[in-house]
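Take a look at this one chain, the form predicted alone, written out in structure tokens.
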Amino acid sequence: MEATLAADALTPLRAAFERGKTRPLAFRRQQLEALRRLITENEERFFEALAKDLGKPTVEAYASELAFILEDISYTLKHLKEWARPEKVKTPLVHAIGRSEILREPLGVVLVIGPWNYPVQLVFAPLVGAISAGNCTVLKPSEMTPACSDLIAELVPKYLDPEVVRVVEGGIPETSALLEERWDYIFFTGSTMVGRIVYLAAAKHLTPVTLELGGKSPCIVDATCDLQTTARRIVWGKFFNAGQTCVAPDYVLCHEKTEGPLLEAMRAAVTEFYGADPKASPDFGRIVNERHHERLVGLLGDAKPVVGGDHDVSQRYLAPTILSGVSAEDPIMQEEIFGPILPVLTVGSIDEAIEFVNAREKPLALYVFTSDNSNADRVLARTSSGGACVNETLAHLAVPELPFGGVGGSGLGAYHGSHSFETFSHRKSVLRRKTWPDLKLRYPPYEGKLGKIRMVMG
């Protein structure tokens, strides 16, 4: 049944693509405008679905899900004609009577597999790129956020052309069936473990992929930082969406002289943001399901939190929690946390922090807080990460022309802004020449021509 469902979704899209339906820029713009209406006309329903699935506060839901997509659509509509224009490149002397250019052409029919932590943004943001580049798309929302998945499945056929965009709901069987099909591109956002499965499935058909994964994103705090601002920005970045953000600070490496004051400043920031009882705060989200809640509580182990630590599985609640006295060997340092727990470790210098980061898998994001530009430059030059911020967290995602993606174990490929258009496009190289003149120098017989060919080709 699942295999038939996958084929049924794919077949009409491939037929529409072969007819050239998505090629005209006017059609792409119309679909992007329709996607914008889908969001704006159903804003309250998205707020309700996000609250039901993740307890997501309305402000967070708007800023990180809906507004993000709307800004992406506006930016794409503004620049689409420019991005799609043929790119002229220099032609060497040997082919001087000719013109060379690069054409952006759509890849075909693409598959977008979305995650559960940002179940609206991370389905529709790749779709913006796929539509703008002229592709047909199958969307697979996460089954772990059923309210959002159902809403997406309901609204997409009402607003977008069903010959161009389709939604397939379901869990592992449906996703496995989709991955058995031949796609022209697969865009996956999720865990590294599942990313490997997607990559292997794509390899069977030599299908190119983008893998937006994760990892343990470090936050380096040196002794020169502005402690109050640093604490607020770390607490905001870590506990936004209850810590269920792929680029959330996963752990802090702070100078040993800074640890005590930093912990106190972060404790004050948690209270400032969420009150004395974060469980009662309308601004703090919930863990996606009981299984993940159990996993996170297990990571706490016997740790004695300096902030938070209380939890309630019946409400999928885990308090904003900060740990000190953590060692590199502790279980919480062995996997991505993906929840509202922040371990703080101490180092004696920036160089020691750099060595700590480099001894591990390359992270999706890296954050460094310092008032010394040379320290920031040293961290950026000597570490590798998908992206980075200096004296900030998360915000690099909101800059349209910064490519967002991982490196090494944290992912493959990048998108956002023009990079989304490029991700879903093939850059086709074209040389145009006239049939006259047709110099015989390059044709056999070659006797006596080597000297002249040397002169022409250098």
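Numbers for residues come from their place in the sequence shown, where the first is 1. Computed from a prediction, not measured in an experiment: that's the story for all the values here.
Omitted here: the form predicted together with a small molecule. The next part is about that form.
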Open item on the list: With the partner left out here, check for me: in the predicted bound form, does some heavy atom of F404 sit within 4.5 Å of the small molecule?
Closed with: yes
Task: W183: touches the small molecule in the predicted bound form, heavy atom cutoff 4.5 angstroms - done: no
TODO: Consider F284 of the chain shown here, and say whether it contacts the small molecule in the predicted bound form, taking contact as heavy atoms within 4.5 Å.
DONE: no
Open item on the list: Can you work out whether P141 and the small molecule are in contact in the predicted bound form, taking contact to mean some heavy atom pair no more than 4.5 Å apart?
Closed with: yes
Task: in the predicted bound form, the one of P208, G170, P162, G108 near the small molecule [non-hydrogen atom within 4.5 angstroms] - done: G170
- [ ] Taking 4.5 Å between heavy atoms as the contact cutoff, choose which of V156, V379, I73, L179 touches the small molecule in the predicted bound form.
- [x] L179
TODO: Quick one: find which of 84-92, 249-257, 219-227, 334-342 has residues within 4.5 Å of the small molecule in the predicted bound form by heavy atom distance.
DONE: 334-342
